[in-house]
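Below you'll find only one chain, the form predicted alone, shown as structure tokens.
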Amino acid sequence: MRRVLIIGATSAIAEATARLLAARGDSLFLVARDADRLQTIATDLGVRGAVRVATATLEVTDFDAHAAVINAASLALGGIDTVLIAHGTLSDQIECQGSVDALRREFVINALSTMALLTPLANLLEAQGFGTLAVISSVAGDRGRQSNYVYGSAKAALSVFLGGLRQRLAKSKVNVLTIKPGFVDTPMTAAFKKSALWAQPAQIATGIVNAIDRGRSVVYLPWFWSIIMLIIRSIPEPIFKRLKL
């Protein structure tokens, strides 16, 4: 039985992942902004088999509140084995191009808040000498594109941070998993036209749980995004500049 802290627990991917963990009898501590939604999800996870489910509300940009929530999770679960961080926003690229405030807000939510949460969590797991930190980044962080380079650069910063953290914590038997989903059909992407490249949250959740169990370092979900992003990263810059991506 794992003792799992999930931050951003009301996101579609996090909820689908929590259902898989609940079904095998894990204990869960759920964190998000919406208390009512959290309680609804917690009740459902209890029915699905979770040994214990507790919740706490948190605005991730309130950095001063991070420590209290982490302490509450550790007390409620009797320790923390695994952390999944899944919060984030899909930035409005046009708005961010015209507003420094919007640009800063998106970086704080999609990069700095996660790094701030990971700092005490990494120290906690390093001191105990085991555990997993699983964090949702994005394929968008693999190469800057005109359609979403603000969101992509925040995720790129996060991916680099996770890479360094992984190397630091490897000697303490703490695994750091970077999760890079491609297109996922969630409420956040409801307005987008869907194609065969889009995945459902349950598919991504299965990939996340498998990657945690296997101690993976980086995982693209679904798997074919590793091939797609390899191609995109390999396009020479003179050609890339002429593409509409």
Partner chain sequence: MPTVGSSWGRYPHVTQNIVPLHWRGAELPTPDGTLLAYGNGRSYGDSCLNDAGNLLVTRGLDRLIAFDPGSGILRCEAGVLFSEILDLVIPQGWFLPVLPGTKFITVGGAIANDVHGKNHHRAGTFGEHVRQFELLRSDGSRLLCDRTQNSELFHASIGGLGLTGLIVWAEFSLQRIAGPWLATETLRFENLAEFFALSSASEKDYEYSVAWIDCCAPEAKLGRGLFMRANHAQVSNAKRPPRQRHLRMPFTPPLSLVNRASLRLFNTLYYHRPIAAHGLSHYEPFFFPLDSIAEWNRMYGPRGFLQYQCLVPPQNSAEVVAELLRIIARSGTGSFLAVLKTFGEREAAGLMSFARTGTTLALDFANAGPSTFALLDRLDAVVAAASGSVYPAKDARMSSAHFRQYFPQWEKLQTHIDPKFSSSFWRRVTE
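Positions refer to the first chain, counted from 1. The structure displayed is predicted, hence computed values, not measured ones.
FYI, the form predicted in complex with its partner chain isn't displayed, but the following is about it.
Contact with its partner chain in the model of the complex, defined as a heavy atom within 4.5 Å, holds for exactly one of T40, S217, T61, N210, namely T40. In terms of contact with its partner chain in the model of the complex, the residue from R52, H66, K180, R48 that brings a heavy atom within 4.5 Å is R48. Taking the partner from the other structure, its partner chain in the model of the complex has a heavy atom within 4.5 Å of a heavy atom of T10. Not displayed here, its partner chain is kept clear of T57 by more than 4.5 Å at the level of heavy atoms in the model of the complex. The putative spot formed by E15, R19 and P187 is fully lined by its partner chain in the model of the complex; each residue has a non-hydrogen atom within 4.5 angstroms of it.
Using a 4.5 Å cut-off on any heavy atom, the one residue of 200-236 that reaches its partner chain in the model of the complex is Q200.
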